[in-house]
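Just the one chain here, laid out as C-alpha cells, in the form predicted alone.
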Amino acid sequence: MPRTPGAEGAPPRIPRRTALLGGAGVLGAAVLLPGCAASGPQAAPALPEAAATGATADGGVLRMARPPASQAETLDPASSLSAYEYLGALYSRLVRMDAEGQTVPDLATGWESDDAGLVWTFRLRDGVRFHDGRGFTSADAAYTLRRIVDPDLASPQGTVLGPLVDPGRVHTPEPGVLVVELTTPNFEFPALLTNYHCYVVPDGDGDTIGATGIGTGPFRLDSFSPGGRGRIVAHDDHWEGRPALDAIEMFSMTDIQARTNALLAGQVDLISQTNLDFATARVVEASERATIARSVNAQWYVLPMLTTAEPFTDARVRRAMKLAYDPQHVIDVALQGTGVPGNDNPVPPDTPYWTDYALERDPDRARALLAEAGHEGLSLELYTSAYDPVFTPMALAYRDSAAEAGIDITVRNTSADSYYTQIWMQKPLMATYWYTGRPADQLLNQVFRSGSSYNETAWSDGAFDDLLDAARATADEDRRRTLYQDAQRMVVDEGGAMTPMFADRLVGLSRDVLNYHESGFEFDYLNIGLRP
C-alpha cells in the first residue's frame, strides 16, 4: 500500500490504517445530515491546482480530523503503529526528501562517503534542542539508528536498514559528527534515512517515547489519547523558528462522510490522510467554507497479480494483462483526469532515476500471448472494496478495457474492514495503492525485491535483485541511474504489478487555511497557518 503503506497499522507491512476505532472521537460520527453538504454555489467549479498561500495570522489553532486509528497507536516514530499525523510535527530527521525527490538537510547539514560507499559521515546542526531542553548531539542520532535496526523493535524500516547497519559500527567521534560504517556499499544510504520511521529521538528514551513524543520538531506534545483526541502546541525554541500556528488539535473520526461533514460545517479545518473521491471533492470545492488542496502524484494505484498463483506464474500471462488495458481509460474513469498514467512503473514521474519506458497497448498481442500460454478466453476475479474510493472504479475500468483482449473479469467487492487481512496478498488479483515519497532504491527493494515482506506480488527474480545491488554499489550517479532504470524496465516487462496510474491526492481543508504543502508522507507543519 501502500500502508501506513504506506504502507502501517495492521498489517504492519504497509502505510495505511486497517484497524477501526471503538469510537468516533469527540466530534461524533454524525456531524451534519448529508443534505447539508449541498450548501453553497450549485455550479461545481474546477478543482484548484494548489492550496492558497500568503501571510498568515500570528498564531491560531488548526483543527484536524484524522482517519480511524488503532487504540494501540503510539508516538514512537519507529513503530509500525505510530500515530502518523503527529510525527512530522513532533520530530525531525537527519535528512528529508524535498518536493523534487532530492535528499536535503534536516538535522544533518551535510554528509559524505568514502570512495567505496561504505563509510558515511554526517555533520550535524549546532544549537538544536529537544522539547525538554536537552541538546541534540550525535549520540541521539546514533541511538535512533541502532534502535531502528534492533530486531526486537520490529520497526518497518528495520527491514530496509538492518542488512546495511551494524549497531556496533555506528560511531560518534564528536557531538556534531555521526559516522556509519555500512556492511555493504550503498551510495543511496542517505536517501533511506528520509523515511518517516527515521525521526530522531533522544538517546535512551525508547521505552517512553511512545507516550512523551519528545523530539526537535516545530510542535511539542500537550496531550495524546491513542485512537482519540490530542493536541500539540508550538515549540518556541524550534531550530527553524517558531511555527505559524499556536496549536493543532487532533480528532479521530470513524468515516469519511463524518469527516467531510465536519469540514463543511466549519467544525474542523483539515481532513488529514484522506483522499477524497472526485465527486466529494467537487462538493467540497463548491461550498462556502471549504476547498481542496491537490497533492500531485501523491499515490500510485496497483492491480497486483500474485505470481505464485495461477495463472500469474506464467510471465506471458502477466505481460498479456498489461498489454490488454489502456491506462488513460482507467484514469478518465477512476480519477476524472486527476492523475497521470503509471505505465506499470511505480517510480513517480519526473523524480530522480525515473524512466519513461512503457509498453504500448496491444490487445491483439495480449490475446495471442494468452493463447500461447494455454489461457485463451481467460476468466478472472478481481477483488476490490470501499476501503479507498478509487478501488472499484479502477477495477471496473480495467475490466472494460481488458475485455477487448478476450479477458473476462468479474469484479468482487469485499468488506473494507478485512480487506488488508483477508484479500491483500491472499487473492491472485486485487486492487491496492501506495503513497509516494519513497526514494527509488527503497521503493524497488521494499516492494519488488525477492523475499521482501512488502512484496505484494511475491515476484522473485535474481537478475532484478542483482541490478539493485549493483546500483547501490555504484559511485557514478549516471551509471547508478541507468541501473535503476534497467530495474524498472524489468518490473514493467516481467513483474506482477500493474500500475495504471499515479493519482493526485485531493485533501479537504478550510478556506481559512494557508500554505498547506504536502510532500511524501507529510505536510509542512512549520508554515501552515490561518488567514489573518
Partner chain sequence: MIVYISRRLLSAVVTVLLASVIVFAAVQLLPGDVATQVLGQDATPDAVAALREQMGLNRPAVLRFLDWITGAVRGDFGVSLVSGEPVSATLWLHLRNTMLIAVATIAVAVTSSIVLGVVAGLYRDRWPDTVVSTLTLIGMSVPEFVVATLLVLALSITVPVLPAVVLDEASAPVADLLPAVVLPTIALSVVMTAYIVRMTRTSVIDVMESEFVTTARLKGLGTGRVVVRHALPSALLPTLNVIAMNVAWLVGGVAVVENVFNYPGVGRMLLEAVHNRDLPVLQAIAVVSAAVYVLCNLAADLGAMALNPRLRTGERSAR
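Quick caveat, the model's predicted, so the values are computed rather than measured. Residue numbers count along the first chain shown, from 1.
Below, we turn to the form predicted in complex with its partner chain, even though it does not appear here.
Trainee: Work out which of D400, D277, D417, D166 lies within 4.5 Å of its partner chain in the model of the complex, going by heavy atoms.
Mentor: Filtering the options by heavy-atom distance leaves D417.
Trainee: May I ask you to choose, among F187, Y383, W111, F251, the residue with a heavy atom within 4.5 Å of its partner chain in the model of the complex?
Mentor: It is F251.
Trainee: Look at the candidate spot formed by Y91, N343 and A463 and say whether its partner chain comes within 4.5 Å of a heavy atom in all three of them in the model of the complex.
Mentor: No.
Trainee: Work out which of the listed stretches, 426-434, 324-332, 349-357, 92-100, brings a heavy atom within 4.5 angstroms of its partner chain in the model of the complex.
Mentor: Of the options, only 426-434 has residues within 4.5 Å of the partner.
Trainee: Taking its partner chain as it sits in the model of the complex, is A309 in contact with it (heavy atom to heavy atom, 4.5 Å or less)?
Mentor: It does not: once its partner chain is placed as it appears in the model of the complex, A309 has no heavy atom within 4.5 Å of it.
Trainee: Evaluate S80 for contact with its partner chain in the model of the complex, applying a 4.5 angstroms cut-off between non-hydrogen atoms, and reply yes or no.
Mentor: Heavy-atom contact with its partner chain at 4.5 Å: present for S80.
Trainee: Using heavy atoms and a 4.5 Å limit, would one call P218 a contact residue for its partner chain in the model of the complex?
Mentor: P218 lies outside the contact set for its partner chain.
Trainee: Although its partner chain is absent from this view, report whether P439 comes within 4.5 Å of it in the model of the complex, heavy atoms only.
Mentor: Output for P439 is no: heavy atoms all beyond 4.5 Å of its partner chain.
Trainee: Of 155-184, which residues get within 4.5 Å of its partner chain in the model of the complex if you count heavy atoms?
Mentor: Only a single residue, P156, comes within 4.5 Å of the partner.
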